[in-house]
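Just one chain follows, in the form predicted alone, and it is written as structure tokens.
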């Protein structure tokens, strides 16, 4: 028992660390501009400067404070990624429930649609569509929602098919409950733990994808606070103020790694609970 507890302790500490990091980033996204206002304040006479007591991470070429820009950029970076993850979850869960529970032609059509979308390279297609559409954050988010949902569709479909013929489902159908009630109120709650873990993984992928689009100029407009955009705008300042480019890159990596590790941990915890 002692060995088991010792082996679990590092995993718990890592989970707590990831949850703490994500909580801090969420606070920055929700209340950062109120706590550190003035991210758009420019000082052209100062220009790009190294960190000091006034500017903890220095300033960019326009004299804007990098720390304030990072805090303000958390909102666009994380909010857009959260919309992608939640949108893909809603779309994927709806189609996955229909396919897994109804079966037949509905299952065949949904399954083929998911396979078709999975065959498309999500980031490349988003680049093409956003480029043709003239860029825009909302367009990129919408395309990523559609192209991220096939993973959720297949996951939910497979999980629902496993639950479909279990005794509790047959008992609910025997009582005369509607198909919608059986699927949403009885089957879906048993699938939800895996869905939550997968949503966090989608969240991490969306952070990287949207940051990449902003870096290429197809996400947020120029001058907007966004980690990907900050990385693109300040990559020429590595000799004047390295933190102007390294700090947003580090935040993108930290957010993606924390979301991935937490998602993996939740998946393992839900799997172990299901087996027990």
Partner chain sequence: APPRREEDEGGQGGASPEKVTLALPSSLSSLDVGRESGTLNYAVACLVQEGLLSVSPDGELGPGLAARWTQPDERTYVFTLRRGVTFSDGTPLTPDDVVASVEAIRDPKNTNALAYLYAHVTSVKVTGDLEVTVRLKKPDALFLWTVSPSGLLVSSRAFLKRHRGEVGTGKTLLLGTGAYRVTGFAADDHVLLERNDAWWGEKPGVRTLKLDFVPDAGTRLVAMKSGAVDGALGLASDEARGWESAAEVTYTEDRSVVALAFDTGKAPFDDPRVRRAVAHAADRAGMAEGILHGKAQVAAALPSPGMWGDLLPAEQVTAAYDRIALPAHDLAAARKELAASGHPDGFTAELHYPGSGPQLGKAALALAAELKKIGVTLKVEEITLEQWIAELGSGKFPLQFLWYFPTTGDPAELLDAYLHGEAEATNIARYDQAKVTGALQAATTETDSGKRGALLLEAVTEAAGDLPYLPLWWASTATALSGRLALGGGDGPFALTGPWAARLRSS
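Positions refer to the first chain, counted from 1. Not measured: the values here are computed from a predicted model.
Just so you know, the form predicted together with its partner chain exists too; it's not on screen, but the next bit is about it.
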property: Complete contact of 62, 223 and 229 with its partner chain in the model of the complex (any heavy atom, 4.5 Å); result: yes
property: Its partner chain contact at residue 57 in the model of the complex, heavy atom, 4.5 Å; result: no
property: Proximity of residue 48 to its partner chain in the model of the complex, heavy atoms at 4.5 Å; result: yes
property: Contact label in the model of the complex: residue 53 to its partner chain, heavy atom within 4.5 Å; result: no
property: Contact flag, residue 44 vs its partner chain in the model of the complex, heavy atom cut 4.5 Å; result: yes
property: Residues in 195 to 222 with any heavy atom within 4.5 Å of its partner chain in the model of the complex; result: 215, 217, 222
